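In the form predicted on its own, a lone chain appears below as structure tokens.
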Amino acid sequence: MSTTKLKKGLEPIAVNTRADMVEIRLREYLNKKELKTGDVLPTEMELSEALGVSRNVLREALSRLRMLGLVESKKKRGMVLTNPDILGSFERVLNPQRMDNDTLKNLFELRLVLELGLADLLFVRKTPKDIKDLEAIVKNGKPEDDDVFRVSREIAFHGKLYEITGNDTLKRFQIMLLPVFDYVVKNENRSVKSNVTHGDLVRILKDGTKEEFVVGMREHLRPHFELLKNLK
């Protein structure tokens, strides 16, 4: 087969740009030097000379690191290493309109797994005020809907549980997982109901044990796990 014919069926492999290579080299440098948050990077001139590239190319690579939250510019200090926001990029791109059903299903499963593991933190950090807040959420709901998955009540109740954990990463993650609620509503089977309501969970959290809460939460989420069995 001639090269001309072959080119028609194959896309040429793109070569990394100089900015791509500089970004890789800078990451390697940061790891090798074991720099910590707040440490100052060499100047643009020093870096460009060491890498053998123009300052424009270097700036493009640095801008990528800045977008990732790895570095930032400080007045009178230059470029410094920052504490990366591990969820920042995820938050910016998590849009349900751009997600297919498989992605939403994966996020839904992640939410279920997280909530099954909240008990330890809840029993360590719960306060009487937290219990009162949960009781108020349950009281404000319609009694006939206590054991049925409804979006507004799920968000209020389970969001409070994440808040009680005192873990900022968990709380932010829970907010990011809100898009899955619409996905569940579209696929739920209301004929499958749990024997454990929000009110039951509050009573266990108030007077029961961690082990009882784990069992209760698993039963509370059972309709959602049943839903997963029917989803492709």
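Think of the rigid core as the biggest set of C-alphas that the two forms share within 1.5 Å after superposition. The model shown is predicted, which means the values in this text are computed figures rather than measured ones. Quick note: we count residues from 1 along the sequence shown, nothing fancier.
Beyond what is shown, the protein has a form predicted in complex with the DNA; the following relates to that form.
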TODO: Report the residue, out of Lys139, Arg98, Lys74, Lys129, that has at least one non-hydrogen atom within 4.5 angstroms of the DNA in the predicted bound form.
DONE: Lys74
Task: Contact residue in the predicted bound form, from Arg66, Lys193, Arg203, Lys171 (heavy atom within 4.5 Å of the DNA) - done: Arg66
Task: Contact test in the predicted bound form: Gly88 vs the DNA, heavy atoms, 4.5 Å - done: no
Open item on the list: Under a 4.5 Å heavy atom criterion, is Thr37 part of the interface with the DNA in the predicted bound form?
Closed with: no
TODO: Consider Gly78 of the chain shown here, and say whether it contacts the DNA in the predicted bound form, taking contact as heavy atoms within 4.5 Å.
DONE: yes
Task: Distance check, Arg55 to the DNA in the predicted bound form, heavy atom within 4.5 Å - done: yes
Open item on the list: Only one of 25 to 33, 195 to 203, 38 to 46, 161 to 169 has heavy atoms within 4.5 Å of the DNA in the predicted bound form; I'd like to know which.
Closed with: 38 to 46
Task: Rigid core superposition, Gly117 Cα moves 2 angstroms or more between the shown form and the other one - done: no
Task: After fitting the core, Ser48 CA displacement of 2 Å or more between the shown form and the other one - done: yes
Task: Rigid core fit then Leu205 CA moved by 2 Å or more between the shown form and the other one - done: no
